[in-house]
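Consider the single chain below, provided in structure tokens and representing the form predicted alone.
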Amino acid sequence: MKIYINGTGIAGGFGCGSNVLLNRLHTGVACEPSSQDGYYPAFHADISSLYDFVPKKSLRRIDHFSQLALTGAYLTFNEAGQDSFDKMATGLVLCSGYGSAKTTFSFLDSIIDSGDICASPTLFSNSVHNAAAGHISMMLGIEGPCLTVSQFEISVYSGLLSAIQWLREERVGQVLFGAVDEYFDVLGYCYQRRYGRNSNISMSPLAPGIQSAVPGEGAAFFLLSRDKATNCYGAITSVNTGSVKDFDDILPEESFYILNADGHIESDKNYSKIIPEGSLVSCYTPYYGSIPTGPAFDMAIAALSLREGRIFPVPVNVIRPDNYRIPVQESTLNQGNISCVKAGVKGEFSIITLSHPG
């Protein structure tokens, strides 16, 4: 069964909205990280479009993580043209690698500063596991099943499998599927302690032996359904996970591969063990940074490629290995499939394959 993508909503270091991302893809110019906390530079997301849907005063008790998620959710329904929808027949699956870590650390600080009795109840309510999904459900009126998945780099794949299963079992008519992660100062501190301080760092994915990961944040949401809408982007045809050391050839023939190589040496070296030599390969992580839910951003780029019928050029600072064909100019998409591939730091891999809706 094909699962159709009938809408997307995305925000990240490149800006806010699918059209903004599309314009960035046309240029091939990577985003510039910035340092806002004195620690490691990062790609900070733009969520200004959220205020087109929700008054600022309604967001004053909602943390940045949940605001990122709300941005993606509202943009998705707006793009899909669903001002009204069957709320009981709509499910919600939200994925995250870090979760609302910034709010959690702030809550712990309030305990340290003020004691258990005077700790912030607002920070506590926003730090719980399902808070962001709860905000989306309440503000959009979604009454179907709701699930939050946190499995670090495998979160997107685990959550997507759940969403697909709901649709196959006809529990719901459509699923709002989203992935969100935020940057926070503790993460920047950890990056600085582990990799050193470098304010001029730029991402160079696939560069052998070079650690160039730059943390990012953002949200990527999709409206999934068994039924194809008029403005359908494409279809999800398979989702596979496993271990690189036990990898079997499950890659579709004549596919274009989008690698989630994000500048971490431990994971970048594993892609050559999965992708056959001579394959058509690209990598777009310099647009949004190193983020556990990065595969959802690749999935959004793949959806745009299918809708536009184009292969976008690789960002100029991505290393171009000789054993792959790397698109340096925009061209026509002649392949029937696009596979989004993630190799994790512990040797795990996951592959999401999209195709034309047909």
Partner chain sequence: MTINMEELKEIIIKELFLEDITPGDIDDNAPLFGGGLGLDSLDAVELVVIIQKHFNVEIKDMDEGRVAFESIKSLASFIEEHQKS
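Residue numbers count along the first chain shown, from 1. As the structure is a computational prediction, the values presented were derived from the model and not from experiment.
The same protein also exists as the form predicted together with its partner chain; that form is not shown, yet it is the one meant from here on.
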Would residue 238 show up as a contact with its partner chain in the predicted bound form if we use heavy atoms at 4.5 Å? no
Report yes if any heavy atom of residue 211 sits within 4.5 Å of a heavy atom of its partner chain in the predicted bound form; otherwise report no. no
Is there a heavy atom of residue 119 no more than 4.5 Å from a heavy atom of its partner chain in the predicted bound form? yes
So in the predicted bound form, is its partner chain close enough to residue 114 to count as touching (4.5 Å, heavy atoms)? yes
Based on heavy atom distances of at most 4.5 Å to its partner chain in the predicted bound form, which listed stretch, 40 to 48, 316 to 324, 294 to 302, 54 to 62, is the contact stretch? 54 to 62
If the cut-off is 4.5 angstroms on heavy atoms, which of these, 202, 78, 272, 125, is the one near its partner chain in the predicted bound form? 125
